[in-house]
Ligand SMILES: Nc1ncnc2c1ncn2[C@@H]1O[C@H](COP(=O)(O)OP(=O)(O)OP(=O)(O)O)[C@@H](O)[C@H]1O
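So this first bit is one chain, no partners, the form predicted on its own, shown in C-alpha cells.
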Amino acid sequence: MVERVSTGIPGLDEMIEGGYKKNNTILLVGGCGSGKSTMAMQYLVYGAQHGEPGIYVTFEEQIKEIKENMGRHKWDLGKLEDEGTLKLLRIDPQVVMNIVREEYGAIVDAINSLKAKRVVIDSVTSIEAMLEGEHNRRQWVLRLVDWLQKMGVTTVLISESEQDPTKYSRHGVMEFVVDGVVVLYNIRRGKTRVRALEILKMRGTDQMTSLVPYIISEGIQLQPRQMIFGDFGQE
C-alpha cells in the first residue's frame, strides 16, 4: 500500500488519493497573489500539529515578515518553533549557490536537528536564475529531487510563474523531473479575479483533473462545489 502524506488543505487530499506520496517532491506553481506561500506553510503547520516536523527554507523573505504575514491565518509560527516542530530558515540570496555546491549543508543540519519529515523551499526560481544551460538545470533538479528523497522528507518546491502559465518553472525543465505539479491560478475575469487550483501532474496517483476554486481565508480553502464562471482558458 502506498503511504501518503496529508497536504493539510481540506478537500485536496481527496483529489489525490489521500495526499502526496511519502518522500515525493511536489512543485507548487503560481503567479503573484495566488497564495503559494500560504499553501506551502499550511502544509507545514498541519504536519507540525500532527507529529511531522517541518522546515521552511526561504531565499527572499525575512523571517519576521513571514511570521507576521502567516499570523493573519491564525498560525503562531513562533510557538511551533519553540515546540520544536517547525523551523524557519533564511538563506541569503548571495550565498544560495554556495549552499548548493556544499550539498545543502545548512538545510541538512536543520532537517537532522528537527528530525523533519516535511520541507518547503521558497523558491526554486531563485536557484534556477543562477544556473546556465538546460543540461545543468536538469542535472541540478535531478540531484535535488534525489537528495530530498534520500533525506526521507516530502517536499514542496515553490515556483513563480505567470498568472496563466504555459511553463511551470523558469526554464520549463523542473516540471518534468519532479513527482507532482500543483498549479494555483489567479486570473482576471472582468472586474474580479478567479482563483483556482489544478493538479497538473501526480505520479502514481489517480488524480482529479478538474479545476477547483479556492479562497484564501485562514489558509487555503477549496470550494469544490463552486462553479468557475465561463471557460477558464479563454478570455
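In case it trips you up, residue 1 is the first one in the sequence shown, and so on. In this text, all values refer to a predicted model and were calculated from it rather than measured experimentally.
From this point on, the text means the form predicted together with the ligand, which you will not see here.
Next on the checklist: Would you classify H135 as touching the ligand in the predicted complex, given a 4.5 Å non-hydrogen atom cut-off?
Outcome noted: H135 lies outside the contact set for the ligand.
Checklist entry - Does I216 reach the ligand in the predicted complex, with heavy atoms at most 4.5 Å apart? => result Taking the distances in the predicted complex, the answer for I216 is yes, it comes within 4.5 Å of the ligand.
Item to check | the ligand contact in the predicted complex: G33, any heavy atom under 4.5 Å | outcome: Output for G33 is yes: heavy atoms within 4.5 Å of the ligand.
Checklist entry - in the predicted complex, does Q42 have a heavy atom within 4.5 Å of the ligand? => result Although the ligand is absent here, Q42 would stay clear of it in the predicted complex, with no heavy atoms inside 4.5 Å.
Checklist entry - Which residue among K150, K79, R72, K115 has a heavy atom within 4.5 angstroms of the ligand in the predicted complex? => result Here the answer is residue option R72.
Checklist entry - If contact means any heavy atom within 4.5 Å, which of 200-208, 42-50, 175-183, 25-33 contacts the ligand in the predicted complex? => result Every other range fails; the passing one is 25-33.
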